[in-house]
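In structure tokens, one chain follows: the form predicted alone.
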């Protein structure tokens, strides 16, 4: 089969890397891809958000199946457009991808179907937000309703911090239209975990749990990023908690979306807080998380294409999906200054040495004259597996230490921060 993957980051590199292992894949393309992805797929110069251009390219090149990986094109209806053009695609249609594209929608869905989550209110007027913060006090959580590259959430320790975040999002348009509506939530406490799950509209198959590390700096300090590293599985996610999540959150969510006429097919991301009152939903995403994807797919022992085809066909319950009984760690190497200002174009050295003991997924790189250069905030995701989590973490850091580029920074506590 001729496969096209949409996207350009570390998540897409991991998806391409896994798809390339399938004997059913005869040709693999990625649009727009990056320097590292070019090693496993042919990169295509079409922007991930160019819905019309992507459909045209897929038609003109007789693509058999398209994997839409990032949030923006899913929210824009790329899967709908591909399917309407007769091209099978993996990912939710626009009316189901709204679980990520609108936090207000997802909170209302959880409220209607009694899915455990934080108490909240939704606002479209800044003055009302500020009054509500005064009444509720801190700590409190401020969320932009729409897509904001994983950075549209502020966990405010003080009322002033919450008001500033709200003013920047809604008044200052920090995230554009994404902040026109705000969701203000109670601040839940407990370890955070992510569970990614394959869904075919009716059936669900959870992957091993993972744990992202969002803050930029060691010790969970600094601004939120797209993710500075991930482990799988986290020790806090016990079989007992997994059973509760399946019964109280996962199955009810899939059933709720189906009941609303929005059947979800693709990867559904459950961001969970393991509170003293039990597991609760922080947020849904409509696709693989990044960098959780890199860690989790490293543990997959089945053909990813078979799973994706089954999700589209509604036959997920007929598959026996196998996972390695190991652990994984993905360490993100980032550009100095990320997630704020940073420079690009620095040469990267040590990749060959690192790849002897780990898989290095490229997130923000480009290849020029045989040399890999930095080309983004998150540059690389050094991912290692091992029989135990401690060993996986140790291997990821050992491999990461062999890589260098100007102003490179990373957290030193991935897997030990919670």
Ligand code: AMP
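Positions refer to the first chain, counted from 1. On a predicted model such as this, the values are computed, not experimentally measured, just so you know.
If you look for the form predicted together with this ligand, you will not find it shown, but the lines that follow are about it.
Between 199-207, 252-260, 183-191, 309-317, the stretch whose residues reach within 4.5 angstroms of this ligand in the predicted bound form through a non-hydrogen atom is 183-191.
Put simply, residue 141 is close to this ligand in the predicted bound form: some heavy atom of it is within 4.5 Å. Contact check for residue 87: no non-hydrogen atom falls within 4.5 Å of this ligand in the predicted bound form. This ligand is not shown here, but in the predicted bound form it comes within 4.5 Å of a heavy atom of residue 273. For residue 282, a non-hydrogen atom is located within 4.5 Å of this ligand in the predicted bound form, even though that partner is not displayed. Think of it this way: in the predicted bound form, this ligand has a heavy atom of just one of 304, 118, 115, 96 within 4.5 Å, and the residue is 118. When this ligand is considered in the predicted bound form, only one residue from 327, 75, 81, 153 comes within 4.5 Å through any heavy atom, namely 153.
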